[in-house]
Every structure is written in C-alpha cells, then in structure tokens.
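Take a look at this single chain in structure tokens; it is the form predicted alone.
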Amino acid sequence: MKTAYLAYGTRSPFAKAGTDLKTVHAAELGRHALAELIARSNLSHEHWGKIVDEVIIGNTGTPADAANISRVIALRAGLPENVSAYTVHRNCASAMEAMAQATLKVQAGQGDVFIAGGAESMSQMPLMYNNKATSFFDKLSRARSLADRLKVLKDIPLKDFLKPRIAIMEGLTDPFYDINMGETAEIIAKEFGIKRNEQDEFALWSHQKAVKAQEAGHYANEIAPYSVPPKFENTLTNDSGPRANQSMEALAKLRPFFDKKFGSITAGNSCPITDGACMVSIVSEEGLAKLEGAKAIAKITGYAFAGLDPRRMGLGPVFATKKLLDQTGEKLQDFDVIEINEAFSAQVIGCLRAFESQKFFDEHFNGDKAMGAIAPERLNPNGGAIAIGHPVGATGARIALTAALEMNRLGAKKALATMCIGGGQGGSISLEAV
C-alpha cells in the first residue's frame, strides 16, 4: 500500500457555544479553515482544483440548509465543481473518521490529494417541535378554507410550543440507555474512585497548559484568525476558552451538573459545548510532489476504531488504542506526544488508570499485558478540550493536527491522538515524524 502523509493543516479559533461564533454557520467555519489551508500553501485555487481528488468532512449537526456540508464547504472555499465531496458522521470522531477514510483511499491508490476535517456550530443546533406541535402544523397546512384554518387554530397547542425538543441535548443522550454523556462520566468516576478534587485539578492543569501554549505561540501554526461577520469588528486570533485566572477555588464552587445529589461532574471539569472547524490535507508521496514539494507534517502509520459499552463510552481511547497498537506493533511508551480528547476530567483519568491496570486488561482483553502508564509531560502538553473546547464534528482532526505539530516542535518521533466517541466507541490515529 502507499504511504499516507499529513501535509497542510489549519483550523478556526474555537469558541464556547453562544459566544463569539454563535452567528457563524458551520459551513462558513469550514470554508474559513479550508480557504486558509489553501492560502498557506502559497498555491492557487486553480492548482488545488486540478489536484484534489476528494473532500471528506465530518459533521454531526447536519444543518438543514447544508445537508451534505462537505460539498457546501468545498465550493464556498473556491474548489471547482468537478471536485467531489461527502460528509461523514461518527459522533465525536467524525473528523477523525474523515481522516481515516482519506488515509485508506491514499493507501489503496484511489487518489493522491485529499482534504479531510470537520466543522461544527453547536450554537446553531436547533430547537425542535414535539409531535403534537408538528401535527398542528400538518393539519394547518392541509386546511383549505378560512373556516378550516380557524378551526385548526382554535386548538393551537400552546403548551407544546413552549416545550421544544433540544437537539443538542438529545444528541448527547445515549438512545440505548437513555443517559447523557455526562452521566457516563459519572459512572467512570464512581467505578475508578475518581474524586471531585482530582477532576478539578486535571481541569485546572488543562487551562494552565493551554494558556501557557497560547502565550508561547504554540497554536499559531494551526489557528487561522477569523473576523466575525457581518461587521467584521471582532477578530479572533486564539481559542476563547482557556482561562488564565482559573483556580481550584472557582472550580470548587461549581455544583454537579448531571447527578446533582451524588455526582462530581461539573461544567468546570467538563469540556464546553463549542463552535469551530479544522481541515487537513492527506496525501501520498506523489501528492506531495503535486503540491510542488510541500513538506509533510507527519506520516500516518495507522488508525483504529473500537466499540465498547455505551455507558462507559469515555474509556473508548483504551479500546481503540489497544486495537491500533495490536495492528502496528507499537507500544504506548513509543509515543512522545499523546493527545487524549478531554470530554471530561473523569473520563481521561479513567483512561489513564485503565491503560496501566492489569485487572482491566484481564477483564476486557483476555489477560493481555496492560499497556502501561502515560507520563504526564507527554499527555496533552498544550492543554485539551476542557480548556480549548470540543466542537464534536471537528475535534478528531484538531487533536491529530495538534499532536503532529507538537511532535515536530519537540523534535520527537511519534505521536498518538485518541478520543472517546458517544454511543460507546473509541478512535485512535498514530503519527510518525518525517
């Protein structure tokens, strides 16, 4: 098989839903990231249009006015009509799935240059009418005479109009067990004995690392500043989530959000609902030549997705990484940079404990040897989603790009990006310096 490389990569700044990017459509966020990727290559749109084989973009919200959002993003970013595009959906790992499919196509010789990534506006995920309210609109649309319409209007279900279904809450609820993703983190916290102060300490650590990385300019290579329309007066140059003034005292004041009586998961030790987009190019060696000698950021050495109990979906990185390393023959200690997406502090801490627990491996992997501990300095060295945010359709590409750039910055050899996936899955992708 051909070797797949990660070449150019860019992303928008990430912002907490309902704030700086709340009016920006997911397709616009994606357009910005893709247009900037093209611009940073110093090659023309015409050149890219001639060499791009396909555009594959992850998204979970599926905006009604952009059903195949990948195609919308590709055209709005200036790629020609002859470049095909499709959208993928694997919950939190949608962008990682896009990267995996692009990698597979390169390896199989189906093309040399692919755009992959993800875009999400969690601010714009809609409120939906319930069945009674939609039935009312159906009856009203079928009424032909004024008398018929007045008859339908007489029975307008006002109470149902005031109780819309919240799309984002339903999307973050497991349909098999009817529990929210935060409740799955509560299960992990209880089973692994993870205390509230441990979770808050991890959250504080994430903010401290992210702020330090921002001040050092470590994110400058991946973030494309964005001026928010329509007035373009507010220009975001960094993620808005990291807090320089975050403290244990402030975190301790927050009440449990999901299990209000006995829980330990709060808004402070969870990732915020976020808007953002990230795009990368995945190419073959011939593709690098078509990009006129572009230098690859990293070689993609493998990827894997695995399933597990949806109630413990946060442990997905352990299952996916075990599967990946079984395929590649690598060991966890081989990786100098490890990005574990921070859906919840408890979820990441649970993964860290599971990675080194022989008891866990005896129970879940037929007694295979535990993968071992992850050194703190290797884990999310520039902070993670608790500080930066987690736009679900885009994060998979973000953590892979961040891991690759950090690997190069450190002069390291290998990097791993892994994440849990709502519904009981995990995804991992391994990278190597070139």
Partner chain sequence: METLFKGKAFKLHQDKNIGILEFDLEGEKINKFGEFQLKELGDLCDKIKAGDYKVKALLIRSAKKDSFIVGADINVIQSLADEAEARKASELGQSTFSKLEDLSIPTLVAIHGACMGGGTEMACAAKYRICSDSSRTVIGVPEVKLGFLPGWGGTYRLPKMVGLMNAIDMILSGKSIRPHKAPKMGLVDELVPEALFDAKSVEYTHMLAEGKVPFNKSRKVSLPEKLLTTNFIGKKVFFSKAREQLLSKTKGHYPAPLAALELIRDKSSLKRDAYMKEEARVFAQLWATPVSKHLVSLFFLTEDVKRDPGTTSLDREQLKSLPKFNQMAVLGAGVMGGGIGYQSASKDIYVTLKDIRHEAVAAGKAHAQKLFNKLVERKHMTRSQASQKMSHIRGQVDYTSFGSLDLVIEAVVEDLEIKKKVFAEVETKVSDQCVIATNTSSLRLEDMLPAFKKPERFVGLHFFNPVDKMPLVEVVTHPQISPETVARAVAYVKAIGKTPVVVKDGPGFLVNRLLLPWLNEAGYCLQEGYDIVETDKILKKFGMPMGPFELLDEIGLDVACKVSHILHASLGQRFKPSDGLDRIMEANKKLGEGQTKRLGKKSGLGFYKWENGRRKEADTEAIHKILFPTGVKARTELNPETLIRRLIYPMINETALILKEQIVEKAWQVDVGMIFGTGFPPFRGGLCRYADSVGLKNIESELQRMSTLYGARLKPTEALSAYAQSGGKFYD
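Values in this document were obtained by computation on a predicted structure and should not be read as measured data. Positions refer to the first chain, counted from 1.
Keep in mind the form predicted in complex with the partner chain is missing from the figure; the text below concerns it.
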In the predicted complex, does residue 144 have a heavy atom within 4.5 Å of the partner chain?
-> no
Partner proximity in the predicted complex: residue 36 to the partner chain, non-hydrogen atom cutoff 4.5 Å | yes
Applying a 4.5 Å heavy atom distance criterion, does residue 293 contact the partner chain in the predicted complex?
-> no
Wondering, does residue 232 line up within 4.5 Å of the partner chain in the predicted complex on heavy atoms?
-> yes
Checked 237, 82, 110, 131 for heavy atoms within 4.5 Å of the partner chain in the predicted complex; positive is 237
Though the partner chain is not shown, can you say which of 227, 135, 197, 247 has a heavy atom within 4.5 Å of it in the predicted complex?
-> 227
In terms of non-hydrogen atoms within 4.5 angstroms, which of the given stretches 98-106, 71-79, 123-131, 172-180 touches the partner chain in the predicted complex?
-> 71-79
Taking the partner chain as it sits in the predicted complex, which residues of 43-69 have a non-hydrogen atom within 4.5 Å of it? Please list them.
-> 43, 44, 45, 46
